[in-house]
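Next up: just one chain, as structure tokens, the form predicted alone.
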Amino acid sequence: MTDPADPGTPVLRLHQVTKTFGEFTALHGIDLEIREGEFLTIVGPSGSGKSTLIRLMVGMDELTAGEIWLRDQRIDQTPANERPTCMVFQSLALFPHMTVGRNIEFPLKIRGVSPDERRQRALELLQLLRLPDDYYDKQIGQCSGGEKQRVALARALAFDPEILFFDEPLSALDYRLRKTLEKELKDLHARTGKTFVYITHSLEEAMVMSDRIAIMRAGRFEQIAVADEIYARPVSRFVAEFMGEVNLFEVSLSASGEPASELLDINVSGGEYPWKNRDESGLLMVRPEFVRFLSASDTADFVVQGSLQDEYALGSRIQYEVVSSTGRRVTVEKLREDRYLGAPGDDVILGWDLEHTHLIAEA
């Protein structure tokens, strides 16, 4: 696995990639560098352009404009079957009339590899994907959903591609199996050292597996970074909300650089603010897990008074909805063992500290 802090060597580079369908522009001048050996996940809501982008990268569709480079070779005009890439689809596209072994061997057969070599490679890939050797003769229809996923991965690896692309391959599986395969994919990436490019609408999948995450919106990238960076320091309201529960407060900055308190039911106390002496407005962000219930004697950099409205059990966590005295809703999240001992209807004081806030420079 690559070090996400190391820029590394780009194995695939997109320059001003644009795709239109009639009068509709699906991708607007995309620039992207994919590093050698990294696990990059492209995330976005339906219609954001992620499937269109991956089809262009693998060669299934043609660009309207722009360039795609594999190291120092331009490949956007190269047919898909001549590129050193392979795609694992959501549908898996396995051959139902073939055995597991024959499915895995299929790309090798096309290349003219001898039967003995094909069988040996198929058995090696079964072991890599942690399937028993006797699955070689098993019919695809006898395999479970998770086993079919592993067979599809083995067949993709039989191509020995430089880059593996994944088009939401886990989306149709049940929750428990999906969580198991997320971990197996991450482990497979580490063991093979290949470059993985994965698209999904599931933020949870992206957080578990990826070296970097690229968030798409309306045919453009909003932010590309490691998961912790995007979660803690999103560049826009869209990214902040897409990355999970969040509290956002519209603020304008006073001459001292402190948030203007008349816009918030917040008392600001002291501190050297990182945006001090900056003349701008924006969104003050704090994640729910950093908001705490205060006693009358407790202090915090930011304080809100309000009324507890609702409590929601989320397994190991408890989420609370508080309405401030000005009607603003604030979300609090605590571990179950640290739950608030009161009840809905209680008057409460909330607080959080400057180190856990982030200013998004947009109105």
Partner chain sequence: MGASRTTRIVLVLYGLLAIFLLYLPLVSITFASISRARYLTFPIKRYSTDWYARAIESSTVSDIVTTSLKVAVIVTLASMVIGFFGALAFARYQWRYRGLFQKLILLPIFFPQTVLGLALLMWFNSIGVIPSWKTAVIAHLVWIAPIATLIIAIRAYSFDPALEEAARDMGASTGTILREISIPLLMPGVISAGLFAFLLSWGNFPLSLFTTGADSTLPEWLYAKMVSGYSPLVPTVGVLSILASAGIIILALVLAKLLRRRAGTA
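These figures come from a predicted structure and were not determined experimentally. Numbering follows the first chain given and starts at 1.
What comes next is about the form predicted together with its partner chain, which does not appear here.
Annotation: in the predicted complex, residues Ala218, Tyr231 and Met243 none come within 4.5 Å of its partner chain through any heavy atom. At a distance threshold of 4.5 angstroms between non-hydrogen atoms, Arg55 is in contact with its partner chain in the predicted complex.
Within this chain, Thr85 lines the site of its partner chain in the predicted complex, having a heavy atom no more than 4.5 Å away. Within this chain, Val113 is remote from the site of its partner chain in the predicted complex, having no heavy atom within 4.5 Å.
When its partner chain is considered in the predicted complex, Phe95 lines it closely, a heavy atom lying within 4.5 Å. Checking 58 to 66, 313 to 321, 24 to 32, 294 to 302 against its partner chain in the predicted complex, the stretch whose residues place heavy atoms within 4.5 Å of it is 58 to 66.
Shown without its partner, this chain lists Gln127, Asn81, Ser171, Gln120 as candidates; in the predicted complex, only Asn81 has a non-hydrogen atom within 4.5 angstroms of its partner chain.
Put simply, of Gln77, Ser144, Gln73, Ser91 only one has a heavy atom within 4.5 Å of its partner chain in the predicted complex, and it is Ser91. Taking its partner chain as positioned in the predicted complex, the residues of 152 to 166 that bring a heavy atom within 4.5 Å of it are, in sequence order, Arg155, Phe159.
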